[in-house]
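This document starts with one chain, in the form predicted on its own, laid out as structure tokens.
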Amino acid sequence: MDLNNLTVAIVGAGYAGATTAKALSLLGANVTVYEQAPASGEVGAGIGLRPSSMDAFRRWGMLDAITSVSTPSPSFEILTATGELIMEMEWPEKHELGLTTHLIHRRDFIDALLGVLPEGMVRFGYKMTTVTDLGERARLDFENGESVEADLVIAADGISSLVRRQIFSDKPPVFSGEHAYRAVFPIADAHGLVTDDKFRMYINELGSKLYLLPLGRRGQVSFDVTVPSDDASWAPALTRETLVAAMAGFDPRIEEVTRTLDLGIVNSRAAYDIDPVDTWHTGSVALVGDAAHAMLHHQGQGANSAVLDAQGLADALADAASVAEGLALYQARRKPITDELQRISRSGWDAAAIDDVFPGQHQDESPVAS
């Protein structure tokens, strides 16, 4: 399909929206991104961009933009709470693609993505109120009183997607029974936990986890604690006692971080995902990223899935004879993959999950919950 003269309106300028804008504009589509925030300002912690995502950036001619603000990671480790090694692996696809995972701060990632889009492609201050499927076209209405029509509307508006709720599924996000506490601070304040660029995950038999992600280019580390909780509040209150108790029995250096960490820099949130959505598209509207398949963070696949959605959507449209056929092909190729990632991510990390994702890799004698 020739995408020249195809008008595309994307709702949301996060990972999914920005990467989809890049992928489709390279094929000649006339793309505009509508973001409700008045300016780019997403914050957060660190993420790992897998080799498959880095390969997409290479295809799009923006590999240098990502590598210049990220740190290559040789491998990842899963350890017990007290630091005994359960398994270490190189990143999947590292050798096949000739690329490794890069660790990056969310702020740097968003800046890099928006920085490779043409000036004026992203319009801030556009909060969508209504999406209307017109058949071969769709219309967006915004809170500021403006409306636009496009041949294709892409919903990249996250886990609480208004487009998804108005057209595809009104099921609410699902609470996981966990809280996530995240902070980024200087490596010098990590009490010797970070000495290289490996990603590490510490887990105990009660289901508590620590994801330790070095951000070498920043001289920082992303410290991400996940603990069981019955409190479904989106942004639960956090006390020093809660954080210290969450890491009790972990490596003494981890415990020390929780006792000295500035709580003012900690992001506290409940962990939510969504149930798989049966249909991602009509003839002129489609879901990407968290709007389509928000998943828990245990597999680190949220941002990577958004990147691969963008690549998959662009490839499907290029392979198809029409927009409708392309959207159907996109769903057929991507949905089975993300359905499985959602399922695995819900299992968290325990002995069974390690065997599910990395068969035969974990050491049976390691004290990991089953």
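What you see is a predicted model; the values in this text were computed from it and never measured. The first residue of the shown sequence is 1; numbering continues from there.
In what follows, reference is made to the form predicted together with a small molecule, a form of this protein that is not presented.
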Of Gly300, Gly216, Pro173, Gly283, the only residue with a heavy atom within 4.5 Å of the small molecule in the predicted bound form is Gly300
Go through Asn30, Gln36, Gln342, Ser52 and name the one with a heavy atom inside 4.5 Å of the small molecule in the predicted bound form. Gln36
The stretch from 241 to 249, 285 to 293, 186 to 194, 225 to 233 that lies within 4.5 Å of the small molecule in the predicted bound form, judged by heavy atoms, is 285 to 293
Examine Arg182 and determine whether its closest non-hydrogen atom to the small molecule in the predicted bound form is within 4.5 angstroms. yes
Residue-level contact is defined here as any heavy atom of the residue lying within 4.5 Å of the small molecule in the predicted bound form; does Val153 satisfy this criterion? no
Exercise: Met128 in contact with the small molecule in the predicted bound form, heavy atom 4.5 Å: yes
At the 4.5 Å heavy atom threshold, is Pro276 in contact with the small molecule in the predicted bound form? no
